[in-house]
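As structure tokens, one chain now follows by itself in the form predicted alone.
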Amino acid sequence: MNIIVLLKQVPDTTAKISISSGFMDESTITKWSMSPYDEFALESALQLKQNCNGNLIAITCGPDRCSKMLTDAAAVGTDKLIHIHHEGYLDSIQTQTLLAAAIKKFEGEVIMCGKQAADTNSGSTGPGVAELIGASCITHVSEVKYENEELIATRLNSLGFEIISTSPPSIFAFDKGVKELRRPNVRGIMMAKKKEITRLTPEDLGASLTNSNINLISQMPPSEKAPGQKYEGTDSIHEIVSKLRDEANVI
């Protein structure tokens, strides 16, 4: 079974984001990381690989810096690394087109990804790719198992845990998983440094990037929050209660 995990490199949650000339200045970002929900998808993919003796392929799309993330994925047990190389901005539709073409090329049967990326938070990758390759899609998943030639997914809904069975090809978009991503050991790190990364271009995949009607006009930081208000002493109780009731609407 070919298991594919889709990974995205995003600015680390502690990184400072700067805007220059109306767009994010990537040169000022000192640390890039794997998107957190993708980490849960990768861990589940590793577990599924062990349970069904599958072949695990990690695919990412982006500039040169994404190669390090693939090497990190190899250090914990990924078998094959695919880097769809593209410098510059890609919108969701273009990214999904490239990922779908790569999944078809490498004959992915089970595809896992995060429910949303930490930078855009659009949550469209799983459903979008599923439509392009004709696969079923289950979102907000916390665990996937392979039993009796069926894929069994667990996810949380408003009433409790929901168990869903499906068959390949299927895409699973992960919320917080049952287990966090394992740490690589020294042997894994050394072997990952030698593992080859297959670099592909959109042309190699026969994918067109002209199928989008989206134009990124500008980016801007969020508005600064108003300064907090501080009160001391029992004489302020009535004023605090009044503000909580009339302004904050919390009581």
Partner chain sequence: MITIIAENSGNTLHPVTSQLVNAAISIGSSAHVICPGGIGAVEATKITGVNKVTSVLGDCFKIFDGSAWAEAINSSIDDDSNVIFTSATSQGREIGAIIAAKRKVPIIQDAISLDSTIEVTRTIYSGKALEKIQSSSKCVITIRPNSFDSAPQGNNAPLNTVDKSADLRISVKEAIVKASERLDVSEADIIISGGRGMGSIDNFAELESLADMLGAAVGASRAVVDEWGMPHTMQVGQTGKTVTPSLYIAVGISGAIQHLAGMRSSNYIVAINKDEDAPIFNVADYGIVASWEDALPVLKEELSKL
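Superpose the two forms; the largest set of C-alphas matching within 1.5 Å is the rigid core. Numbering follows the first chain given and starts at 1. Predicted, not measured: the structure shown is a model, and the values here were computed from it.
The same protein also exists as the form predicted together with the partner chain; that form is not shown, yet it is the one meant from here on.
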Contact flag, Met1 vs the partner chain in the predicted complex, heavy atom cut 4.5 Å: no
The partner chain contact in the predicted complex: Gln219, any heavy atom under 4.5 Å: yes
Close approach of Gly88 to the partner chain in the predicted complex, 4.5 Å, heavy atom: no
Lys104: touches the partner chain in the predicted complex, heavy atom cutoff 4.5 angstroms: no
Heavy atom within 4.5 Å of the partner chain in the predicted complex - qualifying residues of 109-136: Lys115, Gln116, Ala118, Asp119, Thr120, Asn121, Ser122, Gly123, Ser124, Pro127, Gly128, Glu131, Leu132, Gly134, Ala135, Ser136
After fitting the core, Lys225 CA displacement of 2 Å or more between this form and the one not shown: yes
Core fit, then Glu239 C-alpha moves 2 Å or more between this form and the one not shown: yes
